[in-house]
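Okay, so here's just one chain, in structure tokens, the form predicted alone.
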Amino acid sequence: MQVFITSPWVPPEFIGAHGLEPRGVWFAAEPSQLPLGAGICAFAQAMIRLAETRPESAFIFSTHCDQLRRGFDALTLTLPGRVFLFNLPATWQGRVGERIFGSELERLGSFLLKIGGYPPTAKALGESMARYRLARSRLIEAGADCSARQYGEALARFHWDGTVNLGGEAQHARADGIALALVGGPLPTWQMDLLDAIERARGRVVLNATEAGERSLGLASQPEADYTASHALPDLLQLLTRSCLERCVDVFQRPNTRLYLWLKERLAARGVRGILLWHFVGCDLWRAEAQSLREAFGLPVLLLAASEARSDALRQSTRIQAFVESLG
């Protein structure tokens, strides 16, 4: 059975160890467009629509996003037994977050067993953790050799099936573009035309820090963990809990200083000259960060609101072009 994940902070390796197929929603096919009410997030509605059209699958939502949490509430009435809400701890310092995350893994495990999974063995979990760790490391290393579109699609593919597929020969980004960082919420494959628009405007995305972008891979400097089968299952679960919390770098965390530290290192190292802040309608968390990003890094910031329609593509391209020209 396929189990769709709406947050990169829910560990796919844990689902895979239960004999199920984790599927990150960012690679799923473009959903049917439906009219939106005021303040409704297009991404959250797309996830609701996706769940309604996949009766044979299960869906995991998380508390990192209020709109997705409301989507879960709506689906519990229409799809009972097929949806699960993972409580991601906003507090990452100290042991409290670790205890919350560990207890959520136990709840998730019970849910996975109910929908047809089987209890994971230490061997299955260890191998799954090692495979995903290797894939994340390879993707971190590959980022500098790919165009923004190629890298974005490779990241989405990784979240879909855990593989590293760069689509053949590297498609290098234009060397003469203005170095930009794309920061913010989810960027599914059906909205990756944005990356092409940036390059047409003579911009160059050297840092994809969207939800399922490079930010979801963790830190290249993290030490290699030992995921061998010699570990007992409880030890592996503890290792998984710690690695997930260490990898999680997001705006919902309190304090969100780790997000700014992560960005600071990469913005400086890659010579970023401007930040594109990508957010969906109703995402107050990311929209509220615009001024903080300007003050923290001394860089100009352009807010880009994701739309459920393609009708504003020309307007968005024009704004991107004007922003890039202002940096030239």
Partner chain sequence: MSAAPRKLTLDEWEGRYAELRRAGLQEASYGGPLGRHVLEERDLRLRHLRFDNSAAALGLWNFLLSENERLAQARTRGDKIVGAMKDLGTVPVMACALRGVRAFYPDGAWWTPCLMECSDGLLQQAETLGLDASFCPVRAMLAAFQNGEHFPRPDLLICSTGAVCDDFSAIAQRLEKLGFPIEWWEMPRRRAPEPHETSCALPGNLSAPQVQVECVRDELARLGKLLGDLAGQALDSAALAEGIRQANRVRRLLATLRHAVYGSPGVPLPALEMLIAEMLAIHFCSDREETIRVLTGLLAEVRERLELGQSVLDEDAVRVFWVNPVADLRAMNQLEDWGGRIAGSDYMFTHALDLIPEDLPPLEALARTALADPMVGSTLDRARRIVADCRAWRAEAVVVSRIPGASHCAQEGTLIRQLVREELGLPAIELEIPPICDALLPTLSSRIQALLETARAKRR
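Residue numbers count along the first chain shown, from 1. Remember, predicted model here, so these are calculated numbers, not experimental data.
The form predicted together with the partner chain exists for this protein as well; it is not shown, and the discussion that follows is about that form.
Using a 4.5 angstroms threshold between heavy atoms, Y260 counts as touching the partner chain in the predicted complex.
Residue contact with the partner chain in the predicted complex: E104 places a heavy atom within 4.5 Å of it. In the predicted complex, the partner chain sits within 4.5 Å of a heavy atom belonging to I48. Proximity of T76 to the partner chain in the predicted complex: non-hydrogen atoms within 4.5 Å are present. Heavy atoms within 4.5 Å of the partner chain in the predicted complex map, among the stretches 151-159, 81-89, 117-125, 205-213, onto 81-89 alone. Here the marked residues R99, S110 and P255 all reach the partner chain in the predicted complex, each with a heavy atom within 4.5 angstroms. Contact with the partner chain in the predicted complex, defined as a heavy atom within 4.5 Å, holds for exactly one of R54, R270, R69, R273, namely R69. Put simply, of L299, A28, L285, L302 only one has a heavy atom within 4.5 Å of the partner chain in the predicted complex, and it is L285.
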